[in-house]
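This document opens with one chain alone, in structure tokens, the form predicted alone.
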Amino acid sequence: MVIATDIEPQEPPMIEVRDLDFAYGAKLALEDINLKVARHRVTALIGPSGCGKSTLLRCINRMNQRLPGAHIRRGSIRIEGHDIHDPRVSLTLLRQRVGMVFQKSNPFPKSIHDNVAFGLRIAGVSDPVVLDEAVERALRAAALWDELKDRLHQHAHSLSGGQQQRLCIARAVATRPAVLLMDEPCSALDPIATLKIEELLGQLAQEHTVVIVTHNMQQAVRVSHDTAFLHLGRLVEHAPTAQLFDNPQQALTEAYLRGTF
């Protein structure tokens, strides 16, 4: 049973997962997932390794469908009320509306400017002035503009690891997606770089709905408004972060949070 009484959004949710069963071949990875993600909030997905956090995250932009045998057995995922598996939904447009930042930074082998402008060019934007303005806006959103404004035409791989990850965030937000998915974005970074990205999340939520997978429970407390706890492919509990950590309603959640799992 999922406890989510106090988290029902007052307006229609940005993301709604309904009765979702997802499988890799014959192996069921997610079972009976029902989750509403409120707009302009940071939602953390927590749980032990293999519980389905990253699988659920990747379902939200249909990234899992690239894997042989991966499929939805039943249920649906809606973004802004639209079923993302509706045949009329363009996968290209979906990826523009749902940005993704991965565990390991993956800047393209291009300049800093061309990395950030990549998605816009794919979308057909070619005006240099528009591209330059969008690049500046995205780098400011990722707290990189002051560091990189004089280095825009340098190779992206010349940046530090933390800068590369923030560059990937800038690239993801350049198309102004409604949703930003982040799969353990700080796991490969040092504490200083991690702090910079954590500080960004609250600002990003002003423009985007953010869903972040993290193994770090302290990070979930620091950065998220809401938290969902998964175990063995099922959603156990979903509540405002302070409520879930201070007063979990499920014994399984409490055991995980207290380290007596």
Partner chain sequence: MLTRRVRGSWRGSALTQRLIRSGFAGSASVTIIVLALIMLFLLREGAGFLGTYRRELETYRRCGLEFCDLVDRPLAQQEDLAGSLRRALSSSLEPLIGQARARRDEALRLKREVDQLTQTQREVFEQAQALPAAQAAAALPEATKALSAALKAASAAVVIAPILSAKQATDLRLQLSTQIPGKEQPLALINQLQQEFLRVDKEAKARFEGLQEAIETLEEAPEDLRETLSELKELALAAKEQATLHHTLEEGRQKLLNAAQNARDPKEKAALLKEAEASHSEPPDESALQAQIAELREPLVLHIGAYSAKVDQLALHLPEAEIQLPEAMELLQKTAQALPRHAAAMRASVPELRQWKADAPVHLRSVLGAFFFGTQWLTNSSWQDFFGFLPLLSGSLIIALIAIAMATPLSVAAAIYCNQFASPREREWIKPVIEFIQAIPSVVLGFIGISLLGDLLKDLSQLPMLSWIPGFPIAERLNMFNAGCLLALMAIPTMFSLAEDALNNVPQAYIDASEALGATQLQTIFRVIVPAALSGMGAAVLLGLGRVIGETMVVLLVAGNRIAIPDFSDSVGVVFQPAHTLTGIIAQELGEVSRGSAHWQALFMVGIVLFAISLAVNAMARAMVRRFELPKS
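Given the structure is predicted, the values throughout are model-derived calculations rather than measurements. Numbering follows the first chain given and starts at 1.
Keep in mind that the form predicted together with its partner chain is missing from the display, and what follows is about it.
Query raised in the report: Heavy atoms within 4.5 Å of its partner chain in the predicted bound form: does I122 have any?
Result: I122: yes, in contact with its partner chain in the predicted bound form.
Report task. Would you check, heavy atoms only and a 4.5 Å threshold, whether L200 touches its partner chain in the predicted bound form? Result -> Contact check for L200: no, nothing within 4.5 Å of its partner chain in the predicted bound form.
Query raised in the report: So in the predicted bound form, does R166 come within 4.5 Å of its partner chain, heavy atom to heavy atom?
Result: Result no; R166 lies far from its partner chain in the predicted bound form.
Report task. Would you please decide whether A172 lies within 4.5 angstroms of its partner chain in the predicted bound form, comparing each non-hydrogen atom pair? Result -> Close contact exists here: in the predicted bound form, A172 approaches its partner chain to within 4.5 Å, heavy atoms only.
Report task. Have a look at H85, R140, H157, K149 for me and say which one sits with a heavy atom within 4.5 Å of its partner chain in the predicted bound form. Result -> In short, H157.
Query raised in the report: From the list I112, V98, V135, M182, which entry has a heavy atom within 4.5 Å of its partner chain in the predicted bound form?
Result: Checking each option against its partner chain in the predicted bound form, the one that comes within 4.5 Å is V98.
Report task. Just one of 185-193, 90-98, 76-84, 141-149 has residues with a heavy atom within 4.5 Å of its partner chain in the predicted bound form, so point it out. Result -> Selected stretch: 90-98.
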